[in-house]
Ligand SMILES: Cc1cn([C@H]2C[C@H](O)[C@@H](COP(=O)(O)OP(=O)(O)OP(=O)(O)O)O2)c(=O)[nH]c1=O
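Before any questions on how it binds or moves, here is one chain, the form predicted on its own, in structure tokens.
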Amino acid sequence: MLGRPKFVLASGSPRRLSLLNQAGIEPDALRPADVDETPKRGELPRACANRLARAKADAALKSVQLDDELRGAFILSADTVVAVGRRILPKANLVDEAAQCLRLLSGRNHRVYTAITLVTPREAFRQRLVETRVRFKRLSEDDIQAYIGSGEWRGKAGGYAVQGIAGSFVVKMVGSYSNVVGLPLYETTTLLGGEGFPIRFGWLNATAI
């Protein structure tokens, strides 16, 4: 796009792309990073999210440095962690993992942390961490089995997608909703704007869906 700096999203997540589009921002390229997202032994949720977001940004920067079209772009990465206390829940890919997550979340409070890392055109790193508290209703075994049958939990932190069926499980939420989906929009646009990215560039011809 002419008229603004290049922008790269270091993620292959359709949810993060959709949230950015909602804010009127269209990335010039997607550079999902192949990073091992396994928490380190004893690692706390906040530290895990920050470390992984930084690792994704580092990997994307290496890729962008080799691309003449994108060199000097803004790069944004993010990592979302769901935790009950200090326990980090997996990004569920197996039925047993999802069922275990849902039983643990049933009737309880949990926290969702998303760390965002922004790499500026001068290759400075800026980072923010956003926390949202969520409480689920008590889930019956029928709720859990039917939700597993939906398949929408696959690959999601904590074994659920709040923007889907699991939104009906939420009794209370304190903090950013978009953070739970995977990208806190207020903090993301504030961080971008503060570093000189023209966040309103795409608003002119935007049409609400």
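In case it trips you up, residue 1 is the first one in the sequence shown, and so on. Computed from a predicted structure; not experimentally measured.
Quick note: we don't show the form predicted together with this ligand, though the next part is all about it.
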Inset, instruction - Tell me whether E37, A78 and A157, taken together, all sit within 4.5 Å of this ligand in the predicted bound form, counting heavy atoms only. - result: yes
Inset, instruction - Spell out, yes or no, whether the shortest heavy atom distance between V180 and this ligand in the predicted bound form is within 4.5 Å. - result: yes
Legend entry - Partner contact for R15 in the predicted bound form: this ligand, 4.5 angstroms, heavy atom: yes
Inset, instruction - Look up in the predicted bound form whether V162 has a non-hydrogen atom within 4.5 angstroms of this ligand, and give yes or no. - result: yes
Inset, instruction - Look up in the predicted bound form whether T188 has a non-hydrogen atom within 4.5 angstroms of this ligand, and give yes or no. - result: no
Inset, instruction - Report the stretch among 62-70, 149-157, 40-48, 22-30 that approaches this ligand in the predicted bound form to within 4.5 Å, counting heavy atoms only. - result: 149-157
